[in-house]
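Next up: a single chain in structure tokens, the form predicted on its own.
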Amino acid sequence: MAVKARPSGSVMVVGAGIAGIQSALDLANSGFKVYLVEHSPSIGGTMTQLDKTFPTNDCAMCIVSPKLVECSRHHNIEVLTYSDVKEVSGEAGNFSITVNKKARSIDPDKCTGCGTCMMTCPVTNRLQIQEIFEEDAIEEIEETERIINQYGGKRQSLITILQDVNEKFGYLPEGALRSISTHLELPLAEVYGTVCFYKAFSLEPVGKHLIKVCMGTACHVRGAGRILEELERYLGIPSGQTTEDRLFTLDTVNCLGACALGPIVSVDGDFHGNMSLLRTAKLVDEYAKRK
């Protein structure tokens, strides 16, 4: 009777993206000791930065998150983050590898990802904003600084400052966000995170007229989807975009709170209920003529 030999030795996987993680898990489940080396501070690679995956349109984090947890907890996998392979010597089946593990300012075994270390870090990198951006952005930065000074440059005023800047320019320019990050001494990622969390903020210039189509349940069953398609066709843009002449921005909302009037379309805050396909073009033309 043939006896299948058990795996022996260890394996190194370089690169802890989704492919490296899956390779490490397959090898570890086969009985090998696996060293997973990643040059960045965390594993997951580009996939953790994606929203959807092609072609299934599945949630990227829904796919990779279970693998991240399994990889970090697997008894046969040792994760070496913030590390680089410096030297490989030996021959096939008998390698010696030298890994340079970079120093950290925290103990990774005790890190919970709370972010307190970022808030209390004594080292602050300040941006020289006027030297980074073109002259046409200086006016935006100066206006942003004026708004910041109105609130005393306090961190707790972040959302209020963002609201005022968004109202002033119609969106949140990159230079304005960097200026807010610098003057409030907040990580730029935290400022962007706040902006992306609230739908009221926009990172792209919006049109003079903002059209919102309610896609709530009541409006949806009454044909809101067809209304949206007709507006996209007539304006020549998909939902979430702005026309080239910056006259209209088309967007959707989950509910406008007027279900009895569905399907309902809001233009610059004005409600237009019981919308039909025939009325959409007339509605757009009406606002296009307004000065």
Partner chain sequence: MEKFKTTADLETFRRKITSVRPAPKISITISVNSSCCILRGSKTVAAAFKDELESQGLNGKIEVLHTGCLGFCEIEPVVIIQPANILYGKVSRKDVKEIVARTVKNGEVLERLLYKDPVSGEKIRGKGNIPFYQKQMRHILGRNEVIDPRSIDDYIKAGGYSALTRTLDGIAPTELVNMIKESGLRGRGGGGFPVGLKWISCRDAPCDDGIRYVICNADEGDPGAYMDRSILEGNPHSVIEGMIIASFGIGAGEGWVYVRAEYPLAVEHLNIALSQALNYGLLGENILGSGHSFSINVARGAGAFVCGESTALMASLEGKVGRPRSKYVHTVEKGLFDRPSSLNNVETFANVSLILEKGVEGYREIGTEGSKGTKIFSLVGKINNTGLVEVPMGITLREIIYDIGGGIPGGKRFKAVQTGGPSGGCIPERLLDLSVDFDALKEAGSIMGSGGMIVMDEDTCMVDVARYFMNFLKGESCGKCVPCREGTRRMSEILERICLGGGEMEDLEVLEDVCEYLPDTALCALGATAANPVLSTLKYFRNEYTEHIKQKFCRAGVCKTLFRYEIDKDLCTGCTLCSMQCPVNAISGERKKAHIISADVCSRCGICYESCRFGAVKIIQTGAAV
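Positions refer to the first chain, counted from 1. Values in this document were obtained by computation on a predicted structure and should not be read as measured data.
Another form, the form predicted together with its partner chain, is not on view; read the next lines as being about it.
Listed residues 247, 237, 59, 261 were compared with its partner chain in the predicted bound form; 261 is the one with a heavy atom within 4.5 Å. This chain lacks the partner; the member of 102, 199, 86, 146 within 4.5 angstroms of its partner chain in the predicted bound form by a non-hydrogen atom is 199. Contact with its partner chain in the predicted bound form, defined as a heavy atom within 4.5 Å, is made by none of 11, 69 and 74. Residues within 4.5 angstroms of its partner chain in the predicted bound form, judged by any non-hydrogen atom, belong to 161-169 and to none of the other stretches in 138-146, 109-117, 74-82, 161-169.
Remark: residue 255 counts among the residues lining its partner chain in the predicted bound form, judged by a heavy atom distance of 4.5 Å or less.
Taking the partner from elsewhere, residue 220 is found to have a heavy atom lying within 4.5 Å of its partner chain in the predicted bound form. Though the partner is left out of this view, residue 90 does not reach within 4.5 Å of its partner chain in the predicted bound form, counting heavy atoms only. Not displayed here, its partner chain is approached by residue 226 to within 4.5 Å at the level of heavy atoms in the predicted bound form. Applying a 4.5 Å heavy atom cutoff to its partner chain in the predicted bound form picks out no residue from 26-41.
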